[in-house]
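Below you'll find only one chain, the form predicted alone, shown as structure tokens.
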Amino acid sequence: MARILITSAIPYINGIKHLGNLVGSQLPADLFARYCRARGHEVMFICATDEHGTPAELAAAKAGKPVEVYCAEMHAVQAEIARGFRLSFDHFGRSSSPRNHRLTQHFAGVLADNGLIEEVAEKQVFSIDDNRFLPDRYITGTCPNCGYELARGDQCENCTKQLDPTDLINPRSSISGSTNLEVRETKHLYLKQRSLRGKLAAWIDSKTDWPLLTTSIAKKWLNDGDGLQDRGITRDLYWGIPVRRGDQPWPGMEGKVFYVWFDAPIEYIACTAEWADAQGLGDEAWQRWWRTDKGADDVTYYQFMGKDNVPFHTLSFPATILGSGEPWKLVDYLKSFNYLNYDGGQFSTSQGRGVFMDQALSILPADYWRWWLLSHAPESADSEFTWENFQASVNKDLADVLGNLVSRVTKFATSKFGATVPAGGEFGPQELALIEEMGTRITDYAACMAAMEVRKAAAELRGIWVIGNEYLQSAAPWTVVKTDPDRAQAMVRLALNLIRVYAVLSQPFIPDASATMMTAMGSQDWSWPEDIQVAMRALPAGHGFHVPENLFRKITDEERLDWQTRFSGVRA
């Protein structure tokens, strides 16, 4: 049994996330966590809400609520939606937790002790009308790179270029819209990342099994232009983790907070500590996942995220860990994803474009979305959600292939032999051939899952469903029963066992349908089919089962057109 630590990029608190966010981090992480648990491994799957920084303050102001109240409410909303999508987090924490406050301040203090923090006087935009400094995301303007007029002061959402607020053309306050701005001097703390360049480069070079997308982004940020830069880790904001050096005040930094991108990744560690607290466990329970001097040397750590998060997770967060000089666990494998686009454009949380997670659940159950998103995951390139493709995938893969098999087998078995597994006959050449092919297919499927090749794994799983249908079509027990009832009973016995195996194999992708299949088979045996010969005989003659409700219904053309129209505009 291996010990597997899994973290998904933590979503911003500023509103409900769209399907592109879901498939870019949380959903594939859940797929992998469920698979690892199914194989008997010890898994710690962690996520949280990212609650600090400008987006939280702006969203709270827009909602007319104190930022603390807004964050608490939105955390509850995001947690409930995560449950709706059956995301199996061991803990869903909050970056505003006391644990993250203490850990972030600890890391800052240790980095300072190691000479890796520098106080820098810099020019920053000050809004005269708002009477305050404006951190990067409090400033909106035109991107100097692509001309996008709603670029933020830290990054252009259109072309993804990293920016400084002073780069923007025609800048304005995101709070009041005022253009009455001026540049003033202020002091901030910088993490001296450049002095860690050698360590970071050696560490990245050692990750020869990482996806090309991950390593190419990491090396681009490490080497292009002026290469790795020192980065400011403090901001002039009200809401955030106060700048302290461990448990001591930081002279000259009064009223400042740590930059959200400094504290947010530390929440992965803090969230595991929150889990331990919630379980009534001591520090050793979470430290065994994160400290190599406390047992984490045998942990394999996987991170899942969209490609826009890769630079901070391959450079800035590792710089914090490496720079501390303490025995913290570094990521072993970073799985990154391209973007999922929406019907000819981009999903956008800030602009409210696309289908959002709560909207998706309001029209169809989670499994429908999980299957489409994972089977179309944007791994090697950007992919696109269209309603036509969604309808076709649901109707063909889920309803016609899997759902139809379960319905046909259980209804036929019940009508001819009653509600128990029939005892007659023996497996013949067709059944033995299917069992052998199942063994080969399951091995291929498991290899894709272990390698986190999401789309390939979905294709392999669908192939496993297909061969069951092909067997039924070829064997035709509904015809054989008229002339050889015993042979038909053997076919049905095999097919009922096949449904239980399908429940086990499909559970990482479609957990609700898998639970329905398993319950219908009168079983709770979720053991992985390591020995397919045994697995295909797990339900013995006389074992009770029942006909389940239809696993999946088809999406009609009328529904598709309605949803296409309803979600064509911008979410209010």
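Counting begins at 1, following the sequence as shown. Everything quoted here is computed from the prediction, not taken from an experiment.
The same protein also has a form predicted together with the RNA, omitted here; what follows describes it.
Within this chain, Leu19 is remote from the site of the RNA in the model of the complex, having no heavy atom within 4.5 Å. Within this chain, His75 is remote from the site of the RNA in the model of the complex, having no heavy atom within 4.5 Å. The RNA in the model of the complex is approached by Tyr339, whose closest heavy atom lies within 4.5 angstroms of it. Taking non-hydrogen atoms only, Gln346 approaches the RNA to within 4.5 angstroms in the model of the complex. Taken together, the three residues Thr300, Leu330 and His543 all stay farther than 4.5 Å from the RNA in the model of the complex, as judged by their closest heavy atom. Only one of 358-366, 106-114, 171-179, 256-264 places residue heavy atoms within 4.5 angstroms of the RNA in the model of the complex, namely 256-264. Only one of Ser383, Ser88, Thr142, Gln430 lies close to the RNA in the model of the complex, with a heavy atom inside 4.5 Å, and it is Ser383. Put simply, of Arg83, Lys396, Lys199, Arg184 only one has a heavy atom within 4.5 Å of the RNA in the model of the complex, and it is Lys396. In sequence order, Val466, Asn469, Glu470, Gln473, Trp478, Thr479 are the residues of 463-497 having a heavy atom within 4.5 Å of the RNA in the model of the complex; the partner itself is omitted from this view.
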